[in-house]
Ligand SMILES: Cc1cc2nc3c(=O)[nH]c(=O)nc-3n(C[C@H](O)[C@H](O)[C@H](O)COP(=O)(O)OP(=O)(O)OC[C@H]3O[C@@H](n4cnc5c(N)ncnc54)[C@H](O)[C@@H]3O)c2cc1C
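Okay, here we've got a single chain as structure tokens, the form predicted on its own, with questions on binding and movement later.
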Amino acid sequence: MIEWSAEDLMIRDAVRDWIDAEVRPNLDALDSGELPPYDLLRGLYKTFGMDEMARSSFRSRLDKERAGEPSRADDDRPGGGNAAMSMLPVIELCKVAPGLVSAMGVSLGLAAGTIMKRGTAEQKERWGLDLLTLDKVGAWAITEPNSGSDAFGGMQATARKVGDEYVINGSKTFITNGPYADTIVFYCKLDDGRPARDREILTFVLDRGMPGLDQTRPLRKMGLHSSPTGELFLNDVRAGEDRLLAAGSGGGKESAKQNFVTERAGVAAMALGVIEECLKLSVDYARKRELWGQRIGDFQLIQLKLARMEVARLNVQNLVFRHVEMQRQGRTPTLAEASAMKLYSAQAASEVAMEAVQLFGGNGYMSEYRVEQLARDAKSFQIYAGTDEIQVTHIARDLLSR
């Protein structure tokens, strides 16, 4: 794949028109945190029929599973088998408000994705469909205050078996959608007396309002303000076996690793949106802004910045096209491949956005010129879903193990 098809471009243009009408007028409210993103995202889904596609795919998948037939990898993907329908809205939204994609991606790809991969048919019926249609908001809770990049080894949240139930205690932080989530996929360790690092990882599905579950107000942060982030505190939360995913299989750690692949590969599309928008804004500014009687685009240092932005755009676009082709063939990147995609794309987006701020000069530091917001948002790509340093570790370990 070397370019978008005519059908892809029609989808892209329709999404752009919707964003211009619905998202851009609300940018200030989104960036201030005054407006949660969920009604806008539901509007996107309804406008393009993505909620109905999700319902149809969901029913098809469950019917196959109950008939003993294998399901396809794209059965519960937004847009079904149309890879462009899942990628293009991500790219276009990230040109304006990358936080919308973070909120949507965690709810769909991580919370719903975990339930659809690891849950029973009953669990999928109970929680999966409402998440896949965005009727409900999902959160994926693994990060803790004292673990960070050591997500599994440093995990301190525990579940202790008491009769037919588990009693869950612990806290999570930096949880996307945490303040507003209706459904929470929660990772913790089985408290069975073994040393902490040797304990089995369990995955539970929790509901908003359960006794002992406290969801905090949104945290203040550097960027990505259109994606609410919060903390979770659990004090003797009781959960039955019906809330345990992949019960008894030790599948909690494996399901989290699968989600890391999904999340990290998706960052390339997010990065492409930021890069394309920063490049467009920078080219327009370089044409119009004049110094010493000539437009700044005539100066070689400005031309160098624009050229490097275009190189980054082409490289990241090629990574996105590769991922689209893999999706169309039913293939999934390895963890190392997804980590490589994220490492390069996140760094490229952050560098391009900061260069755009520099190109705009004093205006670039002002919020009304938008590159300021995109630079703040792009920095988050190098931190969430695993820091740059963690991506390096995963890539190198794979290379050294061959």
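Computed from a predicted structure; not experimentally measured. Note that residue numbering follows the sequence shown and begins at 1.
Not on display, but discussed next: the form predicted in complex with the named molecule.
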Checklist entry - Based on heavy atom distances of at most 4.5 Å to the named molecule in the predicted bound form, which listed stretch, 282-290, 147-155, 209-217, 296-304, is the contact stretch? => result 147-155
Item to check | in the predicted bound form, the one of Q317, T143, Q327, N259 near the named molecule [non-hydrogen atom within 4.5 angstroms] | outcome: T143
Checklist entry - Ok, F174, Y180, F321, F233: which has a heavy atom sitting within 4.5 Å of the named molecule in the predicted bound form? => result F174
Checklist entry - Could you tell me if A14 has a non-hydrogen atom within 4.5 Å of the named molecule in the predicted bound form? => result no
Next on the checklist: Please tell me whether any heavy atom belonging to E389 falls inside 4.5 Å of a heavy atom of the named molecule, as the geometry stands in the predicted bound form.
Outcome noted: yes
Next on the checklist: in the predicted bound form, does A378 come within 4.5 Å of the named molecule, counting heavy atoms only?
Outcome noted: no
Checklist entry - At the 4.5 Å heavy atom threshold, is I383 in contact with the named molecule in the predicted bound form? => result yes
Item to check | Sequence-ordered residues of 25-47 touching the named molecule in the predicted bound form, heavy atom within 4.5 Å | outcome: none
